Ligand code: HEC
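Below you'll find only one chain, the form predicted alone, shown as structure tokens.
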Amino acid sequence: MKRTTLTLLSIFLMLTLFENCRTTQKISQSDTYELSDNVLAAFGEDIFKRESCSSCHTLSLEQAHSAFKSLDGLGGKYTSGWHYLYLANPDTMFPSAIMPSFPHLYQNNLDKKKLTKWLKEKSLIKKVNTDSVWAKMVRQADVLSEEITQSATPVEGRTEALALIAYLQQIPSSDYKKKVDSLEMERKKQEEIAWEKMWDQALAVKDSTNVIFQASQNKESIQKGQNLFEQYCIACHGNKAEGRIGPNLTDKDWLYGGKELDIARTIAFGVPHKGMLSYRSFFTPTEVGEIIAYISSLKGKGGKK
């Protein structure tokens, strides 16, 4: 009888210990989620909620509609420099943007007191070392600042804008979006095959019969090219092609050649290591010629930033 009692007691203690371990593991997993390696992004998620971004945005593509824009899979879609400029003044990146600017995020500095308050609100203050968490946040903010400075514009101070950008840059794609993207990729693959043939033919012609050259030399193309440029290119090259994230297109310096076909190849194939996307499957050779016509009309005018 005693042996049975002891056995039952032992089992009870083991189960209790196991449950305590599970509880500890849950807390640890929660801490890991709240304070993952990217502390700056975790803090930025609260800024996202504080600014009521979810009133206009959803993180699920399935829930998106015309007045409820999806951020599903936003992480890595744009550079951090692009986000830094966009949050400060959306309509300079997209003239049709209806999103408001967030200048206060560039004025509100990150500091240890805010972090401590945040940790208390998350009931994490007794579970982590505040000094260690703060040091990690500072390092991450400085790394992000350097990245933005090199690609877009100088960053002033460690601000809440950096935290929000860090959060936006880690929003993953849902399973639904991955499925949609997979179907879209297959559609684009077939489309690109057809477009590549068209582009190969266009780029192979090096005389006046080239459709790109013909469009670029047509004065009527300038306005069409301007419309395309303003719709797709000013985010990186500026309102007047004066240069922003991308280079100035109004001067005589061309990194990859300034002749019509040189510019066409740059637009068509992009410059991936510089952040320039490939537009071969997006623009037709004629449209690229129209863009070149507009850019050519600006040469020597010395656009100013």
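Here the rigid core means the biggest group of C-alpha atoms that line up within 1.5 Å when the two forms are laid on top of each other. Quick note: we count residues from 1 along the sequence shown, nothing fancier. Computed from a predicted model, the values in this text were never measured in an experiment.
Keep in mind that the form predicted in complex with heme C (HEC) is not shown, yet the notes after this line are about it.
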- Which one, 214-222, 80-88, 128-136, 185-193, holds residues whose non-hydrogen atoms are within 4.5 Å of heme C (HEC) in the predicted bound form? 80-88
- Task: Heavy atom within 4.5 Å of heme C (HEC) in the predicted bound form: which of Leu261, Cys236, Leu59, Ala41 fits that? Just give me the one.
- Result: Cys236
- heme C (HEC) contact at Gly243 in the predicted bound form, heavy atom, 4.5 Å: no
- Would Ile98 sit within 4.5 Å of heme C (HEC) in the predicted bound form, counting heavy atoms only? yes
- Message: Does any part of Asp37 reach within 4.5 Å of heme C (HEC) in the predicted bound form? Heavy atoms only, please.
- Response: no
- Message: Would you classify Ile295 as touching heme C (HEC) in the predicted bound form, given a 4.5 Å non-hydrogen atom cut-off?
- Response: yes
- Looking in the predicted bound form, is heme C (HEC) within 4.5 angstroms of a heavy atom from every one of Ala166, Phe269 and Thr284? no
- in the predicted bound form, residues of 40-59 near heme C (HEC) [heavy atom within 4.5 Å]: Phe48, Glu51, Ser52, Cys53, Ser55, Cys56, His57
- With the core lined up, does the C-alpha of Lys259 move 2 Å or more between the shown form and the other one? yes
- Establish whether a shift of 2 Å or more occurs at the C-alpha of Cys233 between the shown form and the other one, with the two forms superposed on the rigid core. yes
